[in-house]
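Given next, in structure tokens, is a single chain: the form predicted on its own.
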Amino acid sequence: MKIIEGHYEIEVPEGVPVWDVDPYDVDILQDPDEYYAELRSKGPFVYIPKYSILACGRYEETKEVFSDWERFISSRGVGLQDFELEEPWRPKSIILEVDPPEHSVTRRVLARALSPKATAALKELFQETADRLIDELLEKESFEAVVELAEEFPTTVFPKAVGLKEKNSRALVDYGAMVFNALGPDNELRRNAMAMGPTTVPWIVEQCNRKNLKPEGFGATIFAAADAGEINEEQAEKLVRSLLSAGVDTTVTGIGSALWCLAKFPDQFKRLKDDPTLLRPAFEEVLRFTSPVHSFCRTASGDTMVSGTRIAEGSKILCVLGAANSDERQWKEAEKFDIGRRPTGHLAMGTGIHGCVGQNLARAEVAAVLTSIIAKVEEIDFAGEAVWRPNNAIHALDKLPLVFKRA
């Protein structure tokens, strides 16, 4: 059988439309709304011949595929590559790219490290850091929000939360870009990201070693599980690596997207200032509206059927979370940004056993930033054009020039 982008070529299932589109085209990655709408309009699934994959973008089917870990597995890779056929570029994630029973053990350890109690203990650090940053930005005529806030805040607080002895903001951000771009095809985005490996990966690997972690923090909790015999030393290092790969980039994206939404929809920012109790639903709506993780793959573990579509074992399925989160069948007036919507069930943080284990931490970080902005900022205005950064799995801003006007 022919191998395409690391997985077997599959036949077009009966009744599934063939769509000659490249979901990893730079123009689509930067402005995906028309692609999302057309994907949904074509039916429950489409077949994309360029990569010999199925893709789903309606909410119902996407949620089913994304959450049913027994029929649609993660252990064969959540990108285009099938780990049964090819070795991944790095040892696979033992939280993201595994299934039960192995997943149950490692997730339990990571969930303990990122527990509500551990997150709550960081609230003061998060708020003090957010207040300081917002005060500094209020003194400027304008600022570049991606670098000076969306990246600066997580790369300041997260290393402290993990217990890293050394901070390297650039390495943390670049490693996240590598991990998520690697989920796509062998395109220019992936090649450029992987070229950062020689300068980025050695530093990341070194930080996962017990000797480079402080005796307090998420890392220490993970290694305590190794000492207790729940996991081994190598697994502990891989779990710390998972924190460093997924714990920064997604939060950077979430903060940037929240700032973009509040600048683009000033009526909603005013609504939030008038009623700060809307902070939590406002961020959930940011996640639904912008879908920071736009696509992840699953692999069919056996022959199965979804919404009348026959899916063969080994089929790679692109779950287009951004399309599902803007499905008008699920969300009334889905094209509108409405902080009062309370969009329970959105897929931006995953769902089921593979729901983001660090989502409470990410929400706490963003809440600190937004709390400070609500209190200190009267208006958020664009100081130039916002530019989205193409990435094979993440929908993130590259440039976001803003002005904060003091309250």
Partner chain sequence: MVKITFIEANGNEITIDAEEGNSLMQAAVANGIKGIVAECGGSMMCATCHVYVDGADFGKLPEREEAEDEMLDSTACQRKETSRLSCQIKISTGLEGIRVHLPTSQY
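These numbers come from a predicted model, not from an experiment. Numbering follows the first chain given and starts at 1.
Just so it is clear, the following notes concern the form predicted together with the partner chain, a form of the same protein that is not shown.
Quick one: find which of 290 to 298, 145 to 153, 101 to 109, 129 to 137 has residues within 4.5 Å of the partner chain in the model of the complex by heavy atom distance.
It is 101 to 109 that comes within 4.5 Å of the partner.
Answer yes or no: in the model of the complex, does the partner chain come within 4.5 Å of a heavy atom in every one of 117, 344 and 359?
Heavy-atom distance to the partner chain in the model of the complex: all three under 4.5 Å.
Among the candidate residues 281, 314, 185, 217, which is the single one with a non-hydrogen atom no more than 4.5 Å from the partner chain in the model of the complex?
Spelling it out, the residue with a heavy atom inside the cut-off is 281.
Flag residue 352 as yes or no: does it have a non-hydrogen atom within 4.5 angstroms of any non-hydrogen atom of the partner chain in the model of the complex?
Yes.
Is residue 40 near the partner chain? Define near as a heavy atom within 4.5 Å, in the model of the complex.
Outside the cut-off, so no.
Since only the chain is shown here, I'm wondering whether residue 363 would be in contact with the partner chain in the model of the complex (any heavy atom pair within 4.5 Å).
Answer yes; at least one heavy atom of residue 363 falls within 4.5 Å of the partner chain in the model of the complex.
Could you confirm whether residue 63 comes within 4.5 Å of the partner chain in the model of the complex, counting heavy atoms only?
Flag for residue 63 set to yes.
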